[in-house]
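A single chain, nothing else alongside it, follows as structure tokens in the form predicted alone.
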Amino acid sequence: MKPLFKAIAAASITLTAGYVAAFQPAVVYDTAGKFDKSFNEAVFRNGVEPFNADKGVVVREFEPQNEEQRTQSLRRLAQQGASPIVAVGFNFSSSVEQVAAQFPNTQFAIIDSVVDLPNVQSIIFAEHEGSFLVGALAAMATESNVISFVGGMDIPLIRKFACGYEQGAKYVNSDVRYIQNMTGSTPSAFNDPARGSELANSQITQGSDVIFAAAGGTGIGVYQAAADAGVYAIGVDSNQNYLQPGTMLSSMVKRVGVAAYQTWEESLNGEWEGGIKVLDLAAGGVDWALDEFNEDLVSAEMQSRMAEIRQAIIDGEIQVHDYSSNNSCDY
């Protein structure tokens, strides 16, 4: 090999080695922890674990115990050379904005929020479309003609779930009665199973026989109350059908783990870009779950109707109103 080509080859190897060494994927979970059986765990089970196995790379993980540790953990990971760093949840908005500005050469991704910086990938989902689907299913399954919703923290994101759910139910049956409660106004509303159970029981006494919970760990209490009362519940984020077989009518699956996996893979392949990424029903970002735990609850006729509605949303024949577009559920 001629000297010039040897030098080029050596430089190429050095650059490649340097690139691989610089790739240190990381994730910071929300304060509910990675085993919340919901949002965080979906990132762990469907993002971190498969990425580690597929790529032979260990994703660094951190579970903050309080609000102050959000910013601290992001900054510490950036200082240690981690990139991309995935922040799980809208509660990281201000922390990501602050730390990403301080480390412009580090890649960050935030789920469920938009941070307008060139080194931040903002990943948002069409929760209203997935919620429309489970709302339609709820209307098919209800015997009392009353369905309900338990939200976590009362914010536009959670009302986006609620609005889509109500629309889907009333698309199938305009006469269905809809009840809605939010758990609280602080992040702790996502980790209060006792309050979730209390709200669910109140809704059950008002006639609800299908309850959709978009409330993180609080939903565990909702599902238990539904099981105790012999009514249906609908899970959220990860497929929670296994939690209460026979009670869980379905789950509104939000593929946050896949989103995390994608941002790490894009960086590894040199294809990562900042900006807004929207994962809707057509892109596989949201859906409803059908598996061995709920297939006996969803008849062939119901499955066929759900497939028709799902495709109509993808094709644009059904336009699902997005609460976050005008902070209203007028549809």
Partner chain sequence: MSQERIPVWITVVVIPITNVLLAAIAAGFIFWFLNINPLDALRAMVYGAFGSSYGWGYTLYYMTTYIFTGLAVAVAFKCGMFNIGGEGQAYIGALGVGLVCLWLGGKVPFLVLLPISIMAAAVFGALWALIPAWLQAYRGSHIVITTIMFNFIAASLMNYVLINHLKPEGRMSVESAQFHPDAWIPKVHDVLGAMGIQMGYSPLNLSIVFALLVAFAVWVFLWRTRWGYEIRAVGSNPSAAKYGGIHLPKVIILTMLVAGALAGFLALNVVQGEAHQIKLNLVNQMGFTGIAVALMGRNHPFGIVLAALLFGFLTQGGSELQFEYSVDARIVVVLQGLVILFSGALQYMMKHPIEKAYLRLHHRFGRKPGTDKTAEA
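Residue numbers count along the first chain shown, from 1. Under this definition, the rigid core comprises the largest set of C-alpha atoms superposing within 1.5 Å between the forms. Note that the coordinates shown come from a computational prediction; the quantities given were computed from them, not determined experimentally.
As for the form predicted in complex with the partner chain, it is not shown, yet the points below apply to it.
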Could you check which residue among Glu129, Asp112, Glu166, Asp209 gets a heavy atom within 4.5 Å of the partner chain in the predicted bound form?
Asp112
Going by heavy atom distances of 4.5 angstroms or less, which of Phe90, Phe103, Tyr242, Tyr178 would be at the interface with the partner chain in the predicted bound form?
Phe90
Proximity to the partner chain in the predicted bound form (heavy atom, within 4.5 Å), stretch among 255-263, 170-178, 76-84, 141-149:
76-84
Is the gap between Leu133 and the partner chain in the predicted bound form 4.5 Å or less for some heavy atom pair?
no
Hey, in the predicted bound form, is Gly274 touching the partner chain, heavy atoms inside 4.5 Å?
no
Should Gln98 be classed as touching the partner chain in the predicted bound form when contacts are defined as heavy atoms within 4.5 Å?
yes
Wondering, does Asp296 line up within 4.5 Å of the partner chain in the predicted bound form on heavy atoms?
no
Can you name the residues of 156-170 that have a heavy atom within 4.5 Å of the partner chain in the predicted bound form?
Pro156, Leu157, Lys160
Would Gly285 count as moving between this form and the one not shown, using a Cα shift of 2 angstroms or more after superposing the core as the test?
no
Core-aligned, is the CA shift for Gln79 between this form and the one not shown 2 angstroms or more?
yes
Using a superposition on the rigid core, decide whether the Cα position of Met306 changes by 2 angstroms or more between this form and the one not shown.
no
